[in-house]
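First comes one chain, alone, set out as structure tokens in the form predicted alone.
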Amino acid sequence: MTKTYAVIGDSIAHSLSPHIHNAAFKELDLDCTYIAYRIPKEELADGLEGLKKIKIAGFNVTIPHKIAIMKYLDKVDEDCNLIGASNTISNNDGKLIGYNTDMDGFLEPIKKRNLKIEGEDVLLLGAGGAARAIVAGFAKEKVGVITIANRTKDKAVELRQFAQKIGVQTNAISLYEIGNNLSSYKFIVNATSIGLKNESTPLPTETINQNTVVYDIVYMPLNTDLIKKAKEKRATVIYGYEMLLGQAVRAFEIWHGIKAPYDVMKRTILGGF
């Protein structure tokens, strides 16, 4: 019997996950299929019941459900517990088991480039579920100070409390308090949806230089405004698709217990642009 997997969220029309996983299934000749399933914010409980009814084997979770889903899970892994959010679920006979692949997915492209994290300072834009995972990832690698900048400062303050609890020194500011000098940060990470609709980055990018690492987790479009400006300044850039690939590989291996076809998944992502 064909096993069904999905990605849930709102909106998910642009999601590349179905292409990535279906290509992997085809490559390894697995009798599985992967679909995108839109669940609006207020319909999560009903949506999950629907997924259980069709005996979904596993699913990924994206905006806006990563934190809200936690209360519907029967069991969660250590990273989920730490981050307070889940993005990968296995359905074991009606029991939902949550994992979080955001942290490892985020760190993987940094490690692939052998970039030093320990003791370095970070400017992090955003304070949602992905930002929490990023803070946890940086904490694991003994980062210096993280400055969290968010449209609503309250959310940044909330994330700062989480960061301090796990031993990271942090500042919380609003986007409007960033100031003009970005050269003091080794890493600049965009964990907001700014760039998704080709918007201009709110960051003053003039002082970014070749020592800066700019990482935009928005993967559609490939070259966001922030990435384009970082390239002009000859900064090291990390694309959003690289985090997506890291997450997808980890989710695949959780569900199937076998090594994911990395190159096929990467080619599929890049073919989607």
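Residue numbers run from 1 along the displayed sequence. In this text, all values refer to a predicted model and were calculated from it rather than measured experimentally.
Below, we refer to the form predicted in complex with a small molecule, which is not included among the displayed structures.
Of the candidate stretches 72-80, 189-197, 106-114, 138-146, only 189-197 has residues whose heavy atoms lie within 4.5 Å of the small molecule in the predicted complex. Using a 4.5 angstroms heavy atom cutoff to the small molecule in the predicted complex, all of Ile63, Ala127 and Ala131 count as contacting. Residue Leu175 is the only one of Leu175, Ala172, Leu182, Val168 with a heavy atom lying within 4.5 Å of the small molecule in the predicted complex.
Within 4.5 Å of any heavy atom of the small molecule in the predicted complex lies no heavy atom of Thr88. Within this chain, Thr101 is remote from the site of the small molecule in the predicted complex, having no heavy atom within 4.5 Å. Shown alone here, Lys95 lies farther than 4.5 Å from the small molecule in the predicted complex, counting heavy atoms only. Interface membership of Arg160, defined by any non-hydrogen atom within 4.5 Å of the small molecule in the predicted complex, is ruled out.
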